[in-house]
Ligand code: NFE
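To begin, one chain is listed below as structure tokens, in the form predicted on its own.
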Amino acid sequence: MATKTIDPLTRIEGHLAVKVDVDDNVVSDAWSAGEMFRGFELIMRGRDPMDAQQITQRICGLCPVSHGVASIYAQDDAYGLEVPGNGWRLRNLVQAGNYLQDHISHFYLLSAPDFVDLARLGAYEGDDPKLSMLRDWLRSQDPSPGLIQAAPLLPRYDADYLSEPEFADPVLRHYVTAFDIRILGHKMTALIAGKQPHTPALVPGGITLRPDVKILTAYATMLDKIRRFVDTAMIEDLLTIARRFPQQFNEGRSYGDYLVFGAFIDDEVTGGRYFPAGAWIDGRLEPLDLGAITEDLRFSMFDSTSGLAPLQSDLSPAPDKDGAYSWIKAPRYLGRPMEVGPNARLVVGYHQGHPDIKRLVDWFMGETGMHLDQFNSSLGRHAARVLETKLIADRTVNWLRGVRLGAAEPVCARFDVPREAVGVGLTEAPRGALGHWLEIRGHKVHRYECVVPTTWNCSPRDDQGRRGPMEQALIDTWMADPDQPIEAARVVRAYDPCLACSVH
């Protein structure tokens, strides 16, 4: 048996260490460790509740909008607010821009190098100006043959890549184009919310922007460019990778239990959220039960009571705790490890009969020959993320058209901060189910807790010794060369981990 550690695991957000035991080239055990402590929940105590959406956005620079939205949802709940139509539609536009840039960034900039050898750019001899420019820059960094050692390609593993020029070159062109396309998502969010990251316009009751034709037209123009890129590049590249690496639909299988909190308020769909809430457990669809959420701490570096619900436990850092190996907690639902993310949203939505999800998933399964259960795989997670990008890009057109112009159209409800209140804010970040729990006493934050997507996916073992979903997904992964752990890296990156969020 050999033990291999990947530390740091690159092309993700934050600092993650993964350790695997390998027997006869097969992973037999795995550990996922968040390597730092930040303490945002301690920072929140004693603050004005209106500080919450600004402070919690600083948990992450990649998905701050999701934390801002969850925070104002918690305050909406605590203050008993009904958000006007313009308020929730404009919030959706802010959140949609963040989703689009995030999914495009992950698929191309973070994960595509696991399937397409970027070192090919060093030998590129075509006439695409952007690829030629990148080739020349890479050669200036490292003139050695193949540019294997050139940043930003490190670490580069020897592996089976998509290398045929007729297939690889289009993906490489879109990889370069994605740098510009993802910026449009940032601009869309900033246009509505003031700036991105860390938007100032998200407030309890709605949003601060009063829209006009110029703003909505600019947003629509950028959205149209993203939609064209998704339809003509992103989905085609997904199909190329899926057909070239069909075995990846059988790699990275985890428990197959999914949790969704729901995202994007939408008055035209059943349940009022475009992505519906629910749980998929043991092959059964269940309604969401917030009372089923607890947090285990046996292997987490906290000296607090384990197995309690959010807002019930103290947060006491314990870096020297015996047996603990991660700064990530182990949230559980009905005592189970649950996977969250785009594949969870598609599976739960599909089984709820969501027409847009069902139509697109059925089309993709017909194109690739995969089946629904194979979304529980490394490539299934990538596929779900790309398909969701199209769903959001297309649905955003509806939310944009629904915004009403005019000074008489409210964008925010009036409110007063109560002396005592409790609120829960549930949404979906790009990476999965996100909840903020808020308790107010004496007009101040008494307790605040965030349970974030990567906390679910990259959790350590729980009190019963059950691995977190990503740890479980690494089990039985075949590794051609344990010293070149591309296969394990593919499994991990498919989750799009955000460690800044999980160690908040």
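Since the model is a prediction, treat every value here as computed from it, not as a measurement. In case it trips you up, residue 1 is the first one in the sequence shown, and so on.
The same protein has a further form, the form predicted in complex with the ligand, not shown here; the description that follows concerns it.
Within this chain, M44 is remote from the site of the ligand in the predicted complex, having no heavy atom within 4.5 Å. Proximity of P453 to the ligand in the predicted complex: non-hydrogen atoms within 4.5 Å are present. Contact annotation: P430 falls within 4.5 Å of the ligand in the predicted complex, judged by heavy atom distances. Shown alone here, S66 lies within 4.5 Å of the ligand in the predicted complex, counting heavy atoms only. Among L438, C60, M470, A52, the residue placing a heavy atom within 4.5 Å of the ligand in the predicted complex is C60. The partner is absent here, but in the predicted complex a heavy atom of L434, alone among L238, L434, L202, L100, sits within 4.5 Å of the ligand. This chain is displayed without the ligand, yet in the predicted complex the stretch 66 to 74 from 471 to 479, 66 to 74, 24 to 32, 438 to 446 comes within 4.5 Å of it by heavy atoms.
If you take 486 to 504 and check each residue for a heavy atom within 4.5 Å of the ligand in the predicted complex, you get C498, C501, in sequence order.
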